[in-house]
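Shown here is one chain on its own, the form predicted on its own, set out as structure tokens.
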């Protein structure tokens, strides 16, 4: 019996180690490539770790330099794309949380006809592949003269982030005892006031978990941003990274540098709110 337990413990640690490697190694390799000289990236005989390192790529992105003939440098375009991604992701997350919270509470507490059918229908937008929606969306926004605008990306991202917010928060609200709201209503609170003063304050972990994941979904989106945005001033980070590849070649070093920078904000959010994310997702998974 002890031998079996030891074997299971060893297998568990091996599995954890493999998952850790699969998670960390790509990020580590991306950073190594970002500080390697170009000759080590294009050579088949180069060592695993570079013999020479350089931070010139990071300097080219963060250094504020004026370009000739009014043409934006790669670093300037990437800085603008970072700002655009932050604007789009923050607006998408804020609006989705504001609307999704009310909708999720209605599904969790109110009784009305076809409630389950409507809740299932809210996932319809996520069930369709993006490639099937991009062409009609392109022509719709072109007709409305809304192509190449950040607000267009916000509206599109809300369409697939909002169902996720509703479903997760719906499960979370069901774990909150109704007695708390009933007590508040007995004291004279309306349903809305009981929701704002009782339910919202104790739903922090759920909001953080959903908010962080909604932010990441908006931050990483590529296809809609690629096809709906055309100007350099409105591009987002995934598109800016992809444009380090051109018909004349692929700048692997700059792609890896851009990938490292784009990873910093999601990684920081995950580390800062790790405890709240775990609490929010596990609480929402428990049925009442």
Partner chain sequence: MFRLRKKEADMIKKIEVSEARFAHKLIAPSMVLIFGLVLLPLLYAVYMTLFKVGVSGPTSEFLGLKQYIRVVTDRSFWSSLRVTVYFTVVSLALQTVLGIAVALLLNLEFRGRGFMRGIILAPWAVPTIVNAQLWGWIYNASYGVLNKILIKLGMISKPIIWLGTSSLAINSVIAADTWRMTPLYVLMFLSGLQTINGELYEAAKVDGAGAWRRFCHITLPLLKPIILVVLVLRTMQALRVFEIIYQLTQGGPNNSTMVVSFYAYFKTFSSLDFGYGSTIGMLIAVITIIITLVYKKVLEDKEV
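Take the two forms, find the largest set of C-alpha atoms that superpose within 1.5 Å, and that set is the rigid core. Residue numbers count along the first chain shown, from 1. From a predicted model like this one, the values you see are computed outputs, not experimental measurements.
Although not depicted, the form predicted in complex with the partner chain is the subject of the following passage.
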- Query: What is the one choice in 233, 60, 242, 54 with a heavy atom within 4.5 Å of the partner chain in the predicted complex?
  - Reply: 242
- 200, 155, 183, 90: which sits within 4.5 Å of the partner chain in the predicted complex by any heavy atom? 155
- Any chance residue 163 has a heavy atom within 4.5 Å of the partner chain in the predicted complex? yes
- Message: Please determine whether residue 41 contacts the partner chain in the predicted complex, using a 4.5 Å cut-off between heavy atoms.
- Response: yes
- the partner chain contact in the predicted complex: residue 109, any heavy atom under 4.5 Å: yes
- Query: According to a 4.5 angstroms non-hydrogen atom cut-off, is residue 16 in contact with the partner chain in the predicted complex?
  - Reply: yes
- Item | Neighbours of the partner chain in the predicted complex among 12-43 [non-hydrogen atom within 4.5 angstroms] | 12, 13, 15, 16, 19, 20, 22, 23, 24, 26, 27, 29, 30, 33, 40, 41, 42, 43
- Task: Could you tell me whether the Cα atom of residue 43 shifts by at least 2 Å between this form and the one not shown after core superposition?
- Result: yes
